[in-house]
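A single chain, nothing else alongside it, follows as structure tokens in the form predicted on its own.
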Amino acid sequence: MNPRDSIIRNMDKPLVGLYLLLMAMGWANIYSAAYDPDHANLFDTAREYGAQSIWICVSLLLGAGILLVHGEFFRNLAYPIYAFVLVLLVLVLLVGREVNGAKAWFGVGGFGIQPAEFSKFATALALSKYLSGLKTLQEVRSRVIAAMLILLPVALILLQPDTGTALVSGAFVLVLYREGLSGNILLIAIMAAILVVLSLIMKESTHAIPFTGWEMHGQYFLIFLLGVFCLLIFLFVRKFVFKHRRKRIYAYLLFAFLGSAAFISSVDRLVDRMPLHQQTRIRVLLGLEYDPRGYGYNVEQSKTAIGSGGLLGKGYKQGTFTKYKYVPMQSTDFIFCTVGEEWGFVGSTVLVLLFGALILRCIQVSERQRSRFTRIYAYCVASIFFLHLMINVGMAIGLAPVIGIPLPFFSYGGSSLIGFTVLLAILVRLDAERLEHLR
């Protein structure tokens, strides 16, 4: 049998179909968001939708080419591909073009290439290669190496600086959890995030201690509440837990309280080291500051645009916020507000469900693999799409900070489209060989 026929027969049709559908819908929305009556031709490269048509063609050709490459290529060259992308991330810091304050682009004529977008599939390959060779992820050494594979490109991306793209690497933590990382670590991370939010909310307020009449600074009051909570647990353990187990629980309890107190006390200093615009965005997100004409402008306009769409939307190319460019970056980071205004709640729900179907399909593909490498890689793909969807939609509706995360296949940009296409095409190719490999 011709190998090409085998690929077409074995590749996951629903996954490919969802990819093509989402990319076509994204192109249509870019056309609406950037529409210019004087350049109405969909392929007019003077406009974003025309330029996107070029990137779509490049992505399709690249994806088709990847399907012709045997999966062993990606297994054997996972580390060299990772190293090559790291070199690109270093080079862009030295000779890259600065855009919106970030030195993250290579200029190619009138186009720009952002190597940070390629770090996603490169890290996914390297992480899959390393984890597939382990028996367990319980050893400290294996955890440190896995963390270094994730954090090395993150550090280089933060130097650009591009905080949003760097944060997407948090998706790989979900993969580590799936591969045996203790759930306690994930729980600690969630609790730390909750403490950060509570600390920032309470830092500029004072609270009275019950029955004393004393007032205490918000962050110290939070530490006081944690102390009361730990004391209640101590009393419970002392009364109801067997004596031989108490010492260990007491040690954990003391460590948790002291660690939390130190962490809460350091939140201010950590936030103060962030750039001013990031501090302001966090304050606006948490409701500590109202800045509808400054840093909160994009989100306010986006929420208004989405809300104006109602149940069924205003119709394709009929959105007033979209037509008159009220929302900045409407064809890139805030493309979701175009969907909400023109397609309404129903259209937005359909879009989220389609992305949900894509993510669930990636998980289904993962669970049927006989190769650990492919299974881990598939979870990397699913996690990346999940985090992008959550953060981008959260940005548009005011539930996440504005950190410049594109919506896959929808946001305008060649680098992100190529990066997501390569990410998915490698998975389709590896999955097509699932009956050939046992490792």
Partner chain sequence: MNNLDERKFVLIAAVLFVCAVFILRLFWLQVVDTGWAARAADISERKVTVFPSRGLIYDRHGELLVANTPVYDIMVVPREVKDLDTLGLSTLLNVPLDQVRERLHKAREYSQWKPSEFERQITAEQYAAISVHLYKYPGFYGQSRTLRAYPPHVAAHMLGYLSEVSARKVEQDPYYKPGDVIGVGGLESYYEKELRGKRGVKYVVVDVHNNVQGRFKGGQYDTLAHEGKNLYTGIDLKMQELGERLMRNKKGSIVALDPRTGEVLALVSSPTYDPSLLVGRVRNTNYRTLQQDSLVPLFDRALQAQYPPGSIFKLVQAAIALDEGVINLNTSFACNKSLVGCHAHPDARNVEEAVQMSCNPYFYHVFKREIEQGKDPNRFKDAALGMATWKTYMESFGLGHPPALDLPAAKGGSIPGVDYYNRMYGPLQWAFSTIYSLSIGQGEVLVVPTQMANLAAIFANRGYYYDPHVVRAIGSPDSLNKHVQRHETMVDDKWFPPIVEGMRRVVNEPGGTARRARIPGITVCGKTGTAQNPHGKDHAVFIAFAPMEDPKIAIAVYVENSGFGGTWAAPIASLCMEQYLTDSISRPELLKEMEDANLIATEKNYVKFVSKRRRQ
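Quick caveat, the model's predicted, so the values are computed rather than measured. Numbering follows the first chain given and starts at 1.
Just so you know, the form predicted together with the partner chain exists too; it's not on screen, but the next bit is about it.
At 4.5 Å between heavy atoms, is Ser348 in contact with the partner chain in the predicted complex? Yes.
Answer yes if any heavy atom of Arg178 is within 4.5 Å of a heavy atom of the partner chain in the predicted complex; otherwise answer no. Yes, Arg178 sits close enough to the partner chain in the predicted complex that at least one of its heavy atoms falls within 4.5 Å.
My question is simply whether Val393 lines the interface with the partner chain in the predicted complex - judged by any non-hydrogen atom within 4.5 Å. Yes, Val393 lies within 4.5 Å of the partner chain in the predicted complex.
Does Ile56 reach the partner chain in the predicted complex if we count a contact as any heavy atom within 4.5 Å? No - in the predicted complex, heavy atoms of Ile56 and the partner chain never come within 4.5 Å of each other.
With the distance limit set at 4.5 angstroms and only heavy atoms considered, check whether Lys325, Leu353 and Ile397 all reach the partner chain in the predicted complex. Every residue of the spot touches the partner chain in the predicted complex.
So which stretch, 355 to 363, 219 to 227, 88 to 96, 159 to 167, is the one near the partner chain in the predicted complex (non-hydrogen atoms, 4.5 Å)? Of the options, only 355 to 363 has residues within 4.5 Å of the partner.
Residue (of Phe321, Phe74, Phe334, Trp105) lying close to the partner chain in the predicted complex, criterion heavy atoms within 4.5 Å: Looking at Phe321, Phe74, Phe334, Trp105 one by one, just Phe321 meets the 4.5 Å heavy-atom criterion.
Of the residues Leu174, Leu198, Ile150, Met329, which one places a heavy atom within 4.5 Å of the partner chain in the predicted complex? Only one listed residue qualifies here, and that residue is Leu174.
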